[in-house]
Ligand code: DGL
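Shown below, as structure tokens, is a lone chain in the form predicted alone; questions about how it binds or moves come after it.
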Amino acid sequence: MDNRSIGVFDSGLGGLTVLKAIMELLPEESLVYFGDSGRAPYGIKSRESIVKYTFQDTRFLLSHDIKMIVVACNTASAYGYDLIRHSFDIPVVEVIGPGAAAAVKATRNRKVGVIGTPGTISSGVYGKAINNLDISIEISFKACPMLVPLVEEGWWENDIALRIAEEYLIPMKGKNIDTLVLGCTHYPLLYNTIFKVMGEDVKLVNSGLETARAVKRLLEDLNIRNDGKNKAEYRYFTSDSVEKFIELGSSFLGRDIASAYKVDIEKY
């Protein structure tokens, strides 16, 4: 058993979709969350910048004596996961593998779509992860660079969000896909908007729950689950506006974030 916290980081608010799933599946686990909204979105940055940010985010969380890192960002997972896994002596979980596995399980016609940031899409990691599990699956990709800023503004279901989603997604409907991977942890915040565009015949894959399940399996494999004797504690940090983080974060989590703290992440 290990009663230390699990550290979770993302480029901003999107990783709260993963955090929420971990809270629900593992209510006894304490969590430290860092959202790098001040430098979001990661997906339009260079590979070098993404790797730098991933290491800084990891070092910040390690300063809080955590027992595990969850990279709750598809772009950081694509470019930084292997590097931090081999650079730090701590278990690391990423979001791409669980999302890919869920898509393979969900599809019936073997045609899967993947939307994500330009960085995630250009990395090719989803195609590799899906086809490693099932080479017969045909995959269509679409980079959607404007969706993360929409989420960070809290524009999840307004007319602007719908119009931008239509611009990106209507071409995907012509690919005859039956499954769409939300290849960015920000995108589940736009779930209702994306559902309106894609329709009920397309299964939307949110990797948050699958990632939480991967966290649970690894905790059990390593025998480092919290013993549950003390109430779980949740600590929140951001590199941007604390007020905005608390307001939007509380709205999505469905629970009040009592406090959050601003971090000068460049110090790490």
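Here the structure is a predicted model, which means the values were calculated and not measured. Each residue number is its position in the shown sequence, starting from 1.
In what follows, reference is made to the form predicted together with this ligand, a form of this protein that is not presented.
- Segments offered: 21-29, 5-13, 243-251, 256-264. Contacting this ligand in the predicted complex at heavy atom distances within 4.5 Å is 5-13.
- Though the partner is left out of this view, Leu180 does not reach within 4.5 Å of this ligand in the predicted complex, counting heavy atoms only.
- With a 4.5 Å cutoff on heavy atoms, Thr193 does not count as touching this ligand in the predicted complex; it lies far away.
- Proximity of Val114 to this ligand in the predicted complex: non-hydrogen atoms within 4.5 Å are absent; the residue sits far from the partner.
- By the criterion of a heavy atom within 4.5 Å, Val93 is excluded from the residues contacting this ligand in the predicted complex.
- Residues from 176-206 that approach this ligand in the predicted complex with a non-hydrogen atom closer than or equal to 4.5 Å are Cys184, Thr185, His186, in the order they occur in the chain.
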